[in-house]
Structure formats: C-alpha cells, structure tokens
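The chain below stands alone, shown as structure tokens; this is the form predicted alone.
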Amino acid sequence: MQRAAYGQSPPLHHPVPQHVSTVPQLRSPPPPTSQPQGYDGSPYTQQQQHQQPGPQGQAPGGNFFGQYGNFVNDPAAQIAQQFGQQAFRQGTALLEQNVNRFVNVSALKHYFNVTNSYVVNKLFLVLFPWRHKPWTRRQGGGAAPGVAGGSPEAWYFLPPRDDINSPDMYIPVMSVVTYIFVRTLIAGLQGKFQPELFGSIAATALVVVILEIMGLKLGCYLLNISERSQLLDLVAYSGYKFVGVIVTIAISEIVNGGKGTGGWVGWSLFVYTFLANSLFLMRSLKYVLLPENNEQNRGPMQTMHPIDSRAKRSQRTQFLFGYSYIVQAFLMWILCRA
C-alpha cells in the first residue's frame, strides 16, 4: 500500500544581509618596551617604566594620592595657601582689636589659667573655708607673663594655678552652666520639663549676676575704691555662690525625694552653704575693699590713698559685710527657689 503523493513544499530561503558590518577585534596593548613612546604615541608607557612600585596600598612614586599628590607643590596652590594664612591672621587681629575695646583678652586669660588640682582645692575651699589660712594673694615680681618690658619694680598677682587664693572664672562659668542643667534635669524628673526652661533659668542667673556686679561697682564708686583688675575680680567672685546653690538643690532633691528644697534638710543645707560662701567672700574681697595701707604695700594691692580716714574704712567694712551676708542670702534664696 503506497501513500498518496502530496505536493512538494517550496525550498527554504535564508535571509541574506544587505549591509555587511565588520566587528572590530579587541586586542590587548603590547607589553612595555624600551621605546621612548608607546604604541599609541603617548609617553604613558615611558613614564610607567621609570616609576617603581611602592609599598602595599601605595601608588607608584611613593605618593598615596597618585598623580594628584603633587597638588601641594603646585605654585598656584602655594600662593593660595599663603593668601589664606595672611587673611586669617588679619581677621584674627581685627577680631582681637574689636574685642579688646570691651574686654581685655590678655587679662581674661589670666583667670582661666587653672589646673585640675586647683579646681578641686578651690571647690573644697568654697564649701569649707573655716580653717583656711592665709587669705592674702601671692604676688610675683618682674615682668608679668605675656607682658614685655617688665622691670623688677613691676608686681602682679600670680595666676590661679599658682595661688589658691586667686580668683578664677573657670569655676564660676562651669557652675552657672551646671546650675542651668541641674534645674532643668529636676524639672524633667518631675514631669515639668519644657524647652523654654533653659532660657528662663539662664536669664534668671544672668540677671542675678549683672545686678550683683552693678551693685558692687556702685558701692566701689561711692566709697572711692579703684583698682586695675577690680571688675574681673568681682565678676569671678560673684559666680562662686552657684557652687553652694548647686549643692543645696541637688542634695535636697535626693533626700526629700524630689519635693524641692523645703523641709529641715533643705533649709539646713541652705544656711550652711550661705554661711560658707559669705565667709569666703568676706575673706577674699578684703584685699579689694579693705587693702592694707602701708609703705611696704606694692603693686596692684595698693588701691587706696596711703592715708585713709578711720571713718572711710568703717564704711567700707560695713559695705563688705552687707554684701557678703545680706546680699548673698537674698540672691542665693532666689536661685534656690527659682
């Protein structure tokens, strides 16, 4: 039995490309040779031969940044660097000149010349001044540090790091900052924290210090008391009260269980820190408000006329007592209750 013959299918025709395109063959560059230039006419191959391989992770030629490492040696970069340094020096000199109109920066550095041992001993002295002796400040002869042209007749007070009785501004500044954070921390533990507390507490502390300094300057003016570094000394002494205020607030909150500085514990701590701070100021400010008037007194210690009336000295003693006890009691009470 034979199959029926079907019609034959037409032959298959494959498409023939109309445009013949050639694909370039990729070849690797030839190895380095001793010719002055490479295969493509660039001096890259010659430069690569003269460079020696550096340590691991380092570019050839001993430069970590490769061909960009020579930017510092560029003459244009050096000119720009010199111009920037000159502009920085001129800006610093202009800033110091403008700041020196209001604050003597060189004198202000004297009050921040402290050490760790001085800070610890000073804090102990502010809180326990009962048996400390002597209270007189030490003086040095010759040229003061940072002052040229000093003579043997020139006298100056030693910096705080060399004299425990010398006032500083490191402890007052840090005490004010600590006071602000302690008050806001207590408010946060009581659930009363608000961001505005930082500004209100800082404003209260700043107003207290400014009013205190203004009162001191007014009293010194009325009593005819003048001294070269008196203002900075008064600013420094006005900040030591914050040490006692911080101790009173912190311990009272811990003992009273967060109920404030009330109760017999809070009042006992307040009375103790107030008396300690008052005695500290009474003894320390004596050289400013009640200086010794004798012929052997030299240098910045001599702030009054050599012949001083007994009535004038009595008025200054009363002013010092009122400031050290009455004014300090009122200001510390405001800071503890604020």
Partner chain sequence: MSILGKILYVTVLLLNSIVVLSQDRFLARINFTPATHRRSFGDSADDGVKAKMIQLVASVRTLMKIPLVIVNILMAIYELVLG
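Numbering follows the first chain given and starts at 1. Every value quoted in this text rests on a predicted model; they were computed, and no experiment measured them.
There is another form of this protein, the form predicted together with its partner chain, and it is not shown here; the text below is about that form.
TODO: May I ask whether Thr204, Val207 and Gln315 each come within 4.5 Å of its partner chain in the predicted complex, counting any non-hydrogen atom?
DONE: The answer is yes: all three residues contact the partner (heavy atom, 4.5 Å cut-off).
Task: Heavy atom within 4.5 Å of its partner chain in the predicted complex - residue from Phe83, Tyr221, Phe128, Phe112 - done: Contact with its partner chain in the predicted complex is made by Tyr221 alone.
Task: Stretch in contact in the predicted complex with its partner chain, which is absent here, among 163 to 171, 213 to 221, 263 to 271, 115 to 123 (heavy atoms within 4.5 Å) - done: Careful reading of the contacts points to 213 to 221.
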